[in-house]
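Here we start with a single chain on its own, the form predicted alone, put down as structure tokens.
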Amino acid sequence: MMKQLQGKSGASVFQYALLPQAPLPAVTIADPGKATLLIDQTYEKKSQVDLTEGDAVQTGQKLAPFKDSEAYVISSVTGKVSAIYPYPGDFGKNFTAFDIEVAADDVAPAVEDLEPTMASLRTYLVDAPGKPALDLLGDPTRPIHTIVVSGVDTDLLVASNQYVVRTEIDAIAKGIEILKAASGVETIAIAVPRDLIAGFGHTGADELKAVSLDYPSGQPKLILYHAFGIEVPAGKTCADMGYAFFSAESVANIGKTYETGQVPVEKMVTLIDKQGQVKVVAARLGTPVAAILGAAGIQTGDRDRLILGGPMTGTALYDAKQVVRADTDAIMVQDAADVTLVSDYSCINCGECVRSCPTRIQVNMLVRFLEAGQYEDGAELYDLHSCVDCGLCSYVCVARIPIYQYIRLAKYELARVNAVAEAPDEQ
């Protein structure tokens, strides 16, 4: 699924590979015996939750269990709530988990009062498969003038969005129609891999953009730079420049909701086995990773690694009980023999990280500050916030320093400190 070439600088250059013109149908994972639904709100005590153990739920039912809160989740299965508990995420993120024991009867009720408005979209589709970026629309302090429907995947080996572009173009066209009517945004563009550019003129998008197959061209900031001629300043986001990125899958699911009257509950996930073979599977939200591996006949052994995401930017899982969420695009299984060890060796100043960096950050200097926990100095002196999170620096590092992980931690810590500093005093 990816080609490795040699660039003029000698640094490794990867290319995304395309799926066949007529890709195999996605393998549907059977309903799990138990689904775990996550709500983006911290569980503190039972009294804050209206939903209780033993309550019956239906597929497609909107569950808003917290008192005085707008947080909700759409049930992906029919059954009974069996447990409610706190669920830890990455970098201090905390969720509330609802375990649902799946029943045989699976009837999805129709969505009521479905209109092409932002209120309707936010009522039912905030956490739909593909995770539509609805929170970026309608903010008067940061107006959006262009929605970019991204039909490319940001990591290597991942093919979820490309698969949707190949197989659900009519649903994408309907989703674009609904987004136009609901958001009032001036322009909707669709970005697809360069070699797929032909045949996408009937989506209803105002602009069609070709994205290079060279990795990491699928990163939103690089799409803006190369396809739109817009440079995102360090510390700013695409939304700050007036551009909101929606995955092709999220737009297709908006379209399917308005066509069928039912909120989709299946997520397209790229499954990458130990040999690097790729297949796209359709799994219900809340399906444990272990259930997907079992259905695919993939066995894991001692010291094998499970990765949520692709090989360059994915996150290692500590437990196969973790579940498919609205933004889960890939699951990768890495054999223990193929796991690259990291080290605490010092940088040898070979310069490979600088040559591979698409934004030409002086990574060899930046990592010295990040290793020492001097995040503010790293950001100010060596352009931490210019990083587009591609992971190439870690891949080419001769000393095997986990540079990308240091960068992720630094960005998280700075954001956390800034959030505390900007919070109003509670007096």
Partner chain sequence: MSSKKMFIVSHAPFWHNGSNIPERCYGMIWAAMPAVALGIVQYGMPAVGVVCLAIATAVLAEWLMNRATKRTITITDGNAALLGLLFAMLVPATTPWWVVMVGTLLTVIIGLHIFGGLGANPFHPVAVSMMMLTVSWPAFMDFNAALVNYELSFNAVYPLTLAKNLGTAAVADFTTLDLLLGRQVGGIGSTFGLGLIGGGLYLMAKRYIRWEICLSFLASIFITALIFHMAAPDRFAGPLFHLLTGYTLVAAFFLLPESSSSPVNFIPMLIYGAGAGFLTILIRNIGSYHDGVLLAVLLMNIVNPLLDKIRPKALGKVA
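This one's a predicted model, so the numbers in the text were calculated from it and none came from an experiment. Numbering follows the first chain given and starts at 1.
Form predicted together with its partner chain: not shown, discussed below.
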- Message: At 4.5 Å between heavy atoms, is Asp319 in contact with its partner chain in the predicted complex?
- Response: yes
- Message: So in the predicted complex, is its partner chain close enough to Asp304 to count as touching (4.5 Å, heavy atoms)?
- Response: yes
- Message: Given that its partner chain is not shown alongside this chain, does Val396 nevertheless sit within 4.5 Å of it in the predicted complex, heavy atom to heavy atom?
- Response: yes
- Item | Partner contact for Tyr43 in the predicted complex: its partner chain, 4.5 angstroms, heavy atom | no
- Stretch from 34-42, 383-391, 62-70, 49-57 whose residues place a heavy atom within 4.5 Å of its partner chain in the predicted complex: 383-391
- Heavy atom within 4.5 Å of its partner chain in the predicted complex: which of Asp127, Glu168, Glu352, Asp329 fits that? Just give me the one. Glu352
- Note on the structure: As a check of understanding, the residue in Asp90, Glu186, Asp344, Glu115 with any heavy atom within 4.5 Å of its partner chain in the predicted complex should be identified as Asp344
- Message: Quick one: Leu157, Leu222 and Gln405 and its partner chain in the predicted complex, is every residue within 4.5 Å by at least one heavy atom?
- Response: yes
